[in-house]
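A single chain, nothing else alongside it, follows as structure tokens in the form predicted on its own.
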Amino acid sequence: MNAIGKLRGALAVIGIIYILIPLIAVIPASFTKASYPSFPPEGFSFQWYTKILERPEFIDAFMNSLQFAVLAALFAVIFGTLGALAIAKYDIPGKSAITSFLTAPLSVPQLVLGIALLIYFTPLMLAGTSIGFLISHIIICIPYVIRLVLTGLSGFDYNLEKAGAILGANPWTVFWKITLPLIRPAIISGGLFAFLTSFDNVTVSLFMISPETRTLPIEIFSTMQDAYNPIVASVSSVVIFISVILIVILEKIHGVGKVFGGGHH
């Protein structure tokens, strides 16, 4: 068993290194002095980070990403939390099927999901609009909130709610004073993961894009199609930095592994 454990550990380390290889190349390349991406970087300079401020399209795209990610996370938290509470607390017919349906975007390839949303939204005149873009991001964010809140509710003691009701608290007071404080870490973690999912999304966004909804990942993608220079690496490094910060916060609050249903409080 000890040998098997060591083998698993070694495979995990190899897998992590393999995943991190792109980051090992992108981040150092953003500090190069050359006018072209190079790894190892030629010299050391912050010039490509300062040049970001000279490119208004990146600033505007960043603000769009921030705006849509905040709104998508907010609505995902509201709908996802309500859905998770309904699934966990009530004996709903076909509960397993409903849960699978609500979390389907986690397993369906986003390319397929983007095409489906485009086909569905086009007759509704939502394709290529800010509202359609936001709805599509909410759809891909809700499953993460549901999964995390369900995990948070897995060890929930419902006797606490019953005790509050017996003492005369109405349902809203029970939720606000008892249920919400106990599942708040799961809700916050779901919101952070929803924000990160929306902020970094490219595949679904490509199908919903419009001149008013160009986000930072889309702007990076478009810039790379024309010419790949170190400013793309610097912008990508900023996105990586933001993502890492949110992942660290998520791990501290709830644990990244619990996003996929592992572990309990």
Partner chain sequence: MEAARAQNHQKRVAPEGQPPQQEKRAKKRKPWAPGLLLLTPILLFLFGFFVVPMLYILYLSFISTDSLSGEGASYSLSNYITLFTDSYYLNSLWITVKISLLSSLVALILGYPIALTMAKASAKMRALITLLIASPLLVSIVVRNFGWYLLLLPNGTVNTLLMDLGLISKPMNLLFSEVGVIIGLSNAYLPFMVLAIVTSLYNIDPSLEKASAILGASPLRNFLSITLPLSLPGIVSGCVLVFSLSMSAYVTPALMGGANVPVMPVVVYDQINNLLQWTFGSALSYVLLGTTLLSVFLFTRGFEKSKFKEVFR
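What you see is a predicted model; the values in this text were computed from it and never measured. Numbering follows the first chain given and starts at 1. We call the rigid core the largest set of C-alpha positions that still match within 1.5 Å between the two forms.
Omitted here: the form predicted together with the partner chain. The next part is about that form.
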query	finding
Interface stretch in the predicted complex with the partner chain - options 176 to 184, 163 to 171, 149 to 157, 101 to 109, non-hydrogen atom within 4.5 Å	101 to 109
Residue 60 within 4.5 Å of the partner chain in the predicted complex, heavy atoms	no
In the predicted complex, residue 69 touching the partner chain (heavy atom, 4.5 Å)	no
Partner contact for residue 64 in the predicted complex: the partner chain, 4.5 angstroms, heavy atom	no
The partner chain contact at residue 245 in the predicted complex, heavy atom, 4.5 Å	no
Residues of stretch 102 to 121 in contact with the partner chain in the predicted complex (4.5 Å, non-hydrogen atom)	102, 104, 105, 108, 109, 111, 112, 113, 115, 116, 117, 118, 119, 120, 121
Is_shifted residue 173 between the shown form and the other one (CA, 2 Å cut-off, rigid core)	no
Core-aligned CA displacement of residue 125 at least 2 Å between the shown form and the other one	yes
C-alpha of residue 11 moved at least 2 Å between the shown form and the other one on rigid core	yes
